[in-house]
Each structure stands twice: as C-alpha cells, then as structure tokens.
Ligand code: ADP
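Let's start with one chain on its own, the form predicted on its own, as structure tokens.
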C-alpha cells in the first residue's frame, strides 16, 4: 500500500508510515500515512516562515482562485471523501458526506472573504491628519486538529488562515490522517506556492511538541482536550504568541413541561447519540422538569430502541462505532462510574457485536442522575447521556449553568418567555431553541465560554479576529 507522505516546502516527503484503521472493521486498513519527525516539523516551520513574506502580499484574486478551486473539487468528490471520512472516523456515510459538503462551503465562503478584505479611514482628532485602520496577516500559523471532525475542522482553520495571507504548519489527529492528507493534496494542486501550507502527520509528543517549542509560530489554533489546550496555552505564553483554543463541553439540554414531546425527544436523541456522541457540542446532560420527565424518558427510551448501531457504511446504520479502543474503554469506564454513583442505567451500556470486528457501543441512557455526579460533570465524549430531574425552569437554568464548561446549550419549550430568557441567561457560547445542541452553520461564529474556549471565535467573518492583526496608520497631508 502506498505511503501518503507529509508535505514540506512543496515536496511530498517521508518513508516511515503508520496504519490508519477503520473502527467499523479493524481488519480494514484505510491507508498508510507518513510520520513526521522533529526535524521534519522544524523544516516545515522554516518553509512556512520563508514563504510568508510573498504570500502575505499576494493578490486577493490569487487567494480567491485557490480557495474556490479547492471548494469545487471537495464538493465534486463529496461521495468519495465522505466514504473516506466514514471509514477512518466511524461517522455514518450520510454524516460523512454532510461534513465534506460543509468543508466545501467553508472554502467557498473564505474564497469570497478574500475579496472582501476591508479597513477603515477615519479623521484624526487633529486637523489635517488622516487615520487608516487595516488588518494584516499574523504570520506562521500552527494548526492542530482533533479526530472527531476530520475534514470540517481542518477546513475552518486552514481556509481563513490562507484567506488572510498567513502560512500554515498543519498537524492533524493521528487517528484520522486520511481526510487531512486529501484536503492538503487538493490545496497543493490548486496552486498554493511552495511552503505556504505544510502537512506534518504524527504523534503529538513529537510533532505537536516541536510546534509548541518553536519561537517562529506567530499563532496556534487548537481544538482538542482541555488538558492539551492548557499545555498549548502555557507554551504560547512563553513565546508571546497568539493562541486560540476550542476544548471540552458538558452541554445541557433543558426540557420544560410545555415542550413539544416529539421535538424534545428528536433534539435530545440527535444531540446526545448521533455521531456516536463524539461531538464537543453534544448534549450529555438532559435537564427535565418533573411534569414531563416520565413521559420524556419513556419516549426517549422508545426512540433509542429504534437506533441501529453498526458499520458506518451500511445504509441501515444510524450510529457508527466509537473511534478506537481507547475511547471505547473511556466510555465503558464512565458507564461503570455512573452505576456506582447511583444513577439508574435505563437503556444500553453494552458493547455490540456485528459481522465485522469494531468498536460498537449501544446508546446509553442514565436516569435519576444528579448534577454532582462525575457522569454529569466530566466530558465522556461518547454516546452516554444522563437525565436530571428538576422542579421548574429556574432550577433548570441554574443547573444548566452549573458546569465548568460553556460551549453549547439547548432548551425545548413552546414558551417565548422561557426561550428568550434562556437565550439571554445561558452561560454558553451557542444556544439552541427546539433544536439539537450540535450543528452550527459554516458562516457564523463558533465557540464557547469558561473552560470550553479561549480566544477569538472560529468561522465566519469573526475568524479575522484571530488570523489577522490590526494596524493603525496616520498620514499628514
């Protein structure tokens, strides 16, 4: 099998490869991908630094054309790339194709943004003097992405970085190098100059640490665990570099007595269990008022009985496998913790055997949970959801906000009063009413509060806040 190599200074390099394994069928090797060394990573950073002066002053039509061409190819190959994504990460095919489509939309959006670079011209407080306020590229950007969105998250970091004139050193998650390699290959063939985008695949202990140690990175944008995010922050402060962090979540969905039961159940099931619960925006805490609690639990349990767990590429599958053995162990360990803490295991919690060896786990629902339990405080990152009973809206809101995280939150209600109050008083960066907590459009800001996020928002026009620096210039006529 051909080794997919790293891209450094416009050249494909690397001979030592690591197997990319399909979590739906561990006998299926998706591909072999090169592993970058410390020296490789340093060369990639040097290449990006050398390419920055020319790319930062490149014409907006050149950037537009490359990003638009990339968008077009991704969209034209959505079936192929969707299958690749589903094979390496475990999302069902419909979700894989949907994520690829989103990546194409992101590149298309930032192709347009390249033509909309703007500033301000203001009069000075001093007569005869003009003031110009402009945005300039930050420099060499280090991009570190997670495994749960193998093409969308790289897209929403790489596209704005290139749009605004930065150069990039990109390290994807070890578990899902395939989609990242494909997106870099497309950009490379779309005409990016040598060194503008560099791909270094490999372990965080080697590639990621070398990036953190480098004084030549002007910024790092990271999505991943809270623990690693803290390390990124500490290393970045030492080098006085800009950093952007998207980390964990323990997202609440409030269900009020007046909610439309069908709407509430669909939103909760989608939020908590689809994509195998492996979304930072997933709802893992369902906070339900007592008037609807029993009916909601019964209806959600019946819904879970209809969910088919299996191979990600089979058309009858609703939920694919957990991404790997380590994540599966984490999920089952937390299920054991929930039982020991006194929560009632109302549904699921067992491994599932299928006709291929894979990491299959039933959707798992706990009831009679409290907000003090570990299963309600700590991010599990799997299809494990807890139901917490409360008396009324005020208690529900307080409990929803009682978390160290603040990424996404939802409410199911037919009351305009409560919906409006929740939107204003939820301590989350994104709030959904009668919708799943997971699912944000490509052209609007993404991010949270508290321990979930740090730094400027991602996506949409707000991406400029991280990927550019503001300059104020004065001219006397």
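Numbering follows the first chain given and starts at 1. From a predicted model like this one, the values you see are computed outputs, not experimental measurements.
Heads up, the form predicted in complex with adenosine-5'-diphosphate (ADP) isn't pictured, but that's what we're talking about next.
Engineer: Among 77, 326, 354, 262, which has at least one heavy atom within 4.5 Å of adenosine-5'-diphosphate (ADP) in the predicted complex?
Structural biologist: So the residue touching adenosine-5'-diphosphate (ADP) in the predicted complex, by this definition, is 326.
Engineer: adenosine-5'-diphosphate (ADP) isn't shown here, but in the predicted complex which of 124, 134, 209, 301 has a heavy atom within 4.5 Å of it?
Structural biologist: Among 124, 134, 209, 301, a heavy atom within 4.5 Å of adenosine-5'-diphosphate (ADP) in the predicted complex occurs only for 209.
Engineer: In the predicted complex, which of 354 to 362, 222 to 230, 331 to 339, 403 to 411 comes within 4.5 Å of adenosine-5'-diphosphate (ADP) (heavy atoms)?
Structural biologist: One stretch meets the cut-off, namely 222 to 230.
Engineer: With the partner left out here, check for me: in the predicted complex, does some heavy atom of residue 157 sit within 4.5 Å of adenosine-5'-diphosphate (ADP)?
Structural biologist: Although adenosine-5'-diphosphate (ADP) is absent here, residue 157 would stay clear of it in the predicted complex, with no heavy atoms inside 4.5 Å.
Engineer: Are any of the heavy atoms in residue 165 no more than 4.5 Å from a heavy atom of adenosine-5'-diphosphate (ADP) in the predicted complex?
Structural biologist: No, residue 165 sits far enough from adenosine-5'-diphosphate (ADP) in the predicted complex that none of its heavy atoms falls within 4.5 Å.
Engineer: Find out whether any non-hydrogen atom of residue 73 is located within 4.5 angstroms of adenosine-5'-diphosphate (ADP) in the predicted complex, and reply yes or no.
Structural biologist: So residue 73 does not count as contacting adenosine-5'-diphosphate (ADP).
Engineer: With the partner left out here, check for me: in the predicted complex, does some heavy atom of residue 393 sit within 4.5 Å of adenosine-5'-diphosphate (ADP)?
Structural biologist: No, residue 393 sits far enough from adenosine-5'-diphosphate (ADP) in the predicted complex that none of its heavy atoms falls within 4.5 Å.
Engineer: Which residues within 153 to 173 place at least one heavy atom within 4.5 Å of adenosine-5'-diphosphate (ADP) in the predicted complex?
Structural biologist: Contacts from 153 to 173: 171, 172, 173.
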